[in-house]
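First, one chain by itself in structure tokens, the form predicted alone.
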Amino acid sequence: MSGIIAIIKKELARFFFDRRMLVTTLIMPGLLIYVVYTLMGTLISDIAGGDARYSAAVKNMPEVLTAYFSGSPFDISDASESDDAYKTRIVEGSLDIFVLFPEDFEDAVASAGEPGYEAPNVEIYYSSSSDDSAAAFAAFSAVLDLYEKAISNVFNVNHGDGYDLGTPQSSAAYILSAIVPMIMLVLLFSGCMAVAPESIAGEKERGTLATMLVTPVKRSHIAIGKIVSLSCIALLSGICSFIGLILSLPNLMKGVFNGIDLSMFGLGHYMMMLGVMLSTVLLLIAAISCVSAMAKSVKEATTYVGPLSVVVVVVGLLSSLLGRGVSQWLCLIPVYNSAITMTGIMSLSVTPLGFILTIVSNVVYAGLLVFLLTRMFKSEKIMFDK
């Protein structure tokens, strides 16, 4: 036991006294996630419109349409100049749209259905090269479509409010269940990749691992000590990234979904997420350590582990696409079980059986890989290339 503790202390000291590794592994990922996602949310909010106002010059505005544009994002002015003047202003960017109604618009609409009826044409001039102008055109057209449906109404579908039975909490849970699992798997894998190859293949490349193996410390204790210490470091990296992700999601989604309310998650949900993250890190660290033990250098280990990153991304995508309601026994599949359990936690639909199966299976798989790593440490051919 003392040998395991000694290895753990050595690995933790190597990490925490290296300022560059501490910053790049713990601080930077979560901080970058928060900054990048917050900026993305701001950009999405600007693109989606948000509280944007559009300028519109309208000629021959029908009185009946005034009510339809009340509360709309348009600053409407009466067009008294020539048509070409307004078209020029649109090209120059000082005006978003110019709308030209026929002078007899209301009379023409009133005669709809009569023999020889010809629908009046509303001309909306805009510039597709301008985001604001294109958005204004779409918004103005939508209001006109609403008026057209009102005057030619035959039947209604869901007239009024109260038909959407979804709640803001369920909507937020659905969004999080589609986003968080894949991102967290990638972040956890990145954290493991940042520390495991350097600790195994790096020491093997420098020759310090060979020195460690000839000490009185059991090789099984060396393997266990490295797995435990590296898992703690990778878990800290994952937690920092998770905090950055959770804090940034309301900012990321504010442009489209008016933000996300995280109040529906209790302490139990976060503890379950922590448990899944810990068991997943144990599994990933053990797997990457076994692969790194086969390599002669950090570069070679990184090359060997590359295909695992593809597996992690694909598994994360599958969990997002398949969503909820999958079989509980899929929780026995390594890595995929973590993804679907995270999906269940974020969607508030996780089951105790699925959660337990995920934790237990990940720990069992990690234990088997630790045993394999111990056998590899005992192999002179693998450790010393003999």
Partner chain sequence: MQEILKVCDLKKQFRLSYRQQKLQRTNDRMLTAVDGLSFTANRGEIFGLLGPNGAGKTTTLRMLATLIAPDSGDAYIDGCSVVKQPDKVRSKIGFLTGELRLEDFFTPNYLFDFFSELYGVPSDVRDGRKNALFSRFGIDKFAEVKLANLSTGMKQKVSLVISVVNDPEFIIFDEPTNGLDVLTAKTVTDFLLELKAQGKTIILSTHIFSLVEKICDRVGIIINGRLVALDTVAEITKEKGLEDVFFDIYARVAGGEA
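Positions refer to the first chain, counted from 1. Here the structure is a predicted model, which is why all the values come from computation and not from measurement.
Keep in mind that the form predicted together with its partner chain is not shown, yet the notes after this line are about it.
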query	finding
Candidate stretches 103-111, 141-149, 297-305, 207-215, one within 4.5 Å of its partner chain in the model of the complex by heavy atom	207-215
Interface membership of A6, its partner chain in the model of the complex, 4.5 Å heavy atom rule	yes
is_contact(R375, its partner chain) in the model of the complex, heavy atom dist at most 4.5 Å	no
Non-hydrogen atom contact E203 with its partner chain in the model of the complex at 4.5 angstroms	yes
Contact flag, H269 vs its partner chain in the model of the complex, heavy atom cut 4.5 Å	no
Contacts with its partner chain in the model of the complex - residues in 6-24 whose heavy atoms fall within 4.5 Å	A6, I7, K9, K10, A13, R14, F17, D18
